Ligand SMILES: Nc1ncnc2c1ncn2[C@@H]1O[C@H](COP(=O)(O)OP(=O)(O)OP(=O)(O)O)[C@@H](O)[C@H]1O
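Just the one chain here, laid out as structure tokens, in the form predicted alone.
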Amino acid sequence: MDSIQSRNQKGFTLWFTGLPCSGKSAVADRVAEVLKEQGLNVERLDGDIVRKDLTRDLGFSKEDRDENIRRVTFVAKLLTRNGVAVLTSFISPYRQVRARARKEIGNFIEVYVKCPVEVCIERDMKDMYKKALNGEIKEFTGVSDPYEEPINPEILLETDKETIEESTQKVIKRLNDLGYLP
């Protein structure tokens, strides 16, 4: 990529939110590939990866999950203001925390990855839902802890009805419509 294009790139954060196993990471990974093919500087911040490095000291209490998102928001803000396309994929179950991330980051596009919990359970390769339903995992979003659906997301994906490619094209089209793509 030439440096002029990267200097002129408008930074933004695509914030993928939804239940565990709803397809956030799968779609975000594919969108990242498409944006890179278009020559954009792209960074992925994914829940599983961030928890291994940046936030491994945190558990899954509400306070720890809020702190996890606070740290991710800080990183996303720095990258966004430096012209990077940031794609986050976090359950981020609470509206107030997502609203704080939106305010802090600025160029923030909320992507609600909507999927019925029954489908998420079918997709769960780690048996997290099974463990949560058996009481082995406490405070599990969608089972024993709430997920507050976005009220007015910029992008709504229904991954039980759309392929990854269809969801990806929806995101790319919306980014174009919003003026984020060159």
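We number the residues from 1 along the sequence you see. Keep in mind that this is a model prediction, so the values were computed, not measured.
FYI, the form predicted together with this ligand isn't displayed, but the following is about it.
In the predicted complex, Gly11 stays away from this ligand, with no heavy atom inside 4.5 Å. Although the partner is absent from this view, Cys21 contacts this ligand in the predicted complex, with a non-hydrogen atom inside 4.5 angstroms.
In the predicted complex, this ligand lies farther than 4.5 Å from every heavy atom of Ile172. Contact annotation for Arg30: none of its heavy atoms lies within 4.5 Å of this ligand in the predicted complex. Exactly one of the stretches 65-73, 142-150, 121-129, 33-41 approaches this ligand in the predicted complex with heavy atoms within 4.5 Å, and it is 121-129.
The partner is not shown here, but in the predicted complex the stretch 91-111 reaches within 4.5 angstroms of this ligand through a heavy atom at Ile91 alone.
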